[in-house]
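Encoded as structure tokens, the following chain is the form predicted on its own, with no partner shown.
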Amino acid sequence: MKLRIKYLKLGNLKFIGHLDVMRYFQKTIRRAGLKVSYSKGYSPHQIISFAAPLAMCITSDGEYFDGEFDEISTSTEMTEALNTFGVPELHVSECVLLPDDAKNAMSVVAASDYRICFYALSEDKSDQAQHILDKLKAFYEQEEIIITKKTKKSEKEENIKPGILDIEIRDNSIYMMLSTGSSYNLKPELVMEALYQYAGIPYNFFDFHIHRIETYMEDENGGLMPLYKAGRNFG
């Protein structure tokens, strides 16, 4: 039976990487006594896969992993078991049963939305933050938004405008919805770096905090829906 589990990543746990999150849930599943399925062979491992791994220093209300289980109880009981043997900063909020033919979360991710809040810093920094907010509308109205992407071997220019599905100001914070997944994956840090450059301000990642709100997949009508909507509560 395939389950999709949604969890939050909050607080100081924004400083742990994706591999640590994977190991955390593997251990939590064992401690909770859940009947997860294992692969066959000489080195059996739990059959779980994560969607759109989150970069370090970013918090989230919308992280997901899929798992195959030999036995299940109810959505409520399995959610409570994971939270009882886990920590509040990695809180499970949804546990749904997927159809047998459902694709795994990693392959269906299409978009994510984010909230970017500027920290309360010095007066000069506050003025810079306001200047960036004032430039946001003109920034998004450009026909192209060109950035220079650096790799270990080379540099290349890329137009990231098609990957920005929406961007606007909400309550003095920046809200953006970006393409996410295997077809095109745009990181919010790159958008902020391009916005800083457009505003003529030196880029500093530590001026603001990024929070992922939700992770989405395409629905039957070509729109977007949260990943957990592909399943149903059980039990």
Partner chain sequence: MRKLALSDEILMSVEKPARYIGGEYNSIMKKKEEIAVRFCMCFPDVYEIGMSHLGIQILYDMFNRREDTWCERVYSPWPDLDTIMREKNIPLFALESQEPVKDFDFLGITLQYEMCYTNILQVLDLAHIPMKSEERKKGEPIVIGGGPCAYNPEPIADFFDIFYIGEGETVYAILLELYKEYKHSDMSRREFLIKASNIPGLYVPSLYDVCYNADGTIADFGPKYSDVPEKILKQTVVDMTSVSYPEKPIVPYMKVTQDRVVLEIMRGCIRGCRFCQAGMIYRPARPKDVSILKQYAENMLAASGQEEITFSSLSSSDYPSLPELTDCLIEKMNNEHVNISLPSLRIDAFSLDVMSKIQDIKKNSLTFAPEAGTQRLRNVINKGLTKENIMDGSLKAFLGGWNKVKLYFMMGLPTETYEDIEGIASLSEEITELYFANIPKEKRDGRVMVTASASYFVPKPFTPFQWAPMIEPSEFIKRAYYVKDKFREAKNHKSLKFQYHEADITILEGLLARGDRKLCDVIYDVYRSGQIYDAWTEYFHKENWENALKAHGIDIGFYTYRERSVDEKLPWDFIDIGVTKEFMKREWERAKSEQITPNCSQKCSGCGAAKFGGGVCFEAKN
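All figures in this text were calculated on a predicted structure; none of them were measured in a lab. Numbering follows the first chain given and starts at 1.
There is also a form predicted in complex with its partner chain; it is not shown, and the following applies to it.
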- Among 128-136, 158-166, 101-109, 81-89, which stretch has residues with heavy atoms no more than 4.5 Å from its partner chain in the predicted complex? 81-89
- Task: Indicate whether its partner chain has at least one heavy atom within 4.5 Å of a heavy atom of Gln46 in the predicted complex.
- Result: yes
- Query: Is there a heavy atom of Leu13 no more than 4.5 Å from a heavy atom of its partner chain in the predicted complex?
  - Reply: yes
- Query: Does Lys187 make contact with its partner chain in the predicted complex, using a 4.5 Å heavy atom cut-off?
  - Reply: no
- Query: Is Arg170 a contact residue for its partner chain in the predicted complex, using a 4.5 Å heavy atom cut-off?
  - Reply: no
- Going by its partner chain in the predicted complex, which residues of 25-47 come within 4.5 Å of it through any heavy atom? Lys27, Arg30, Arg31, Tyr38, Tyr42, Pro44, Gln46
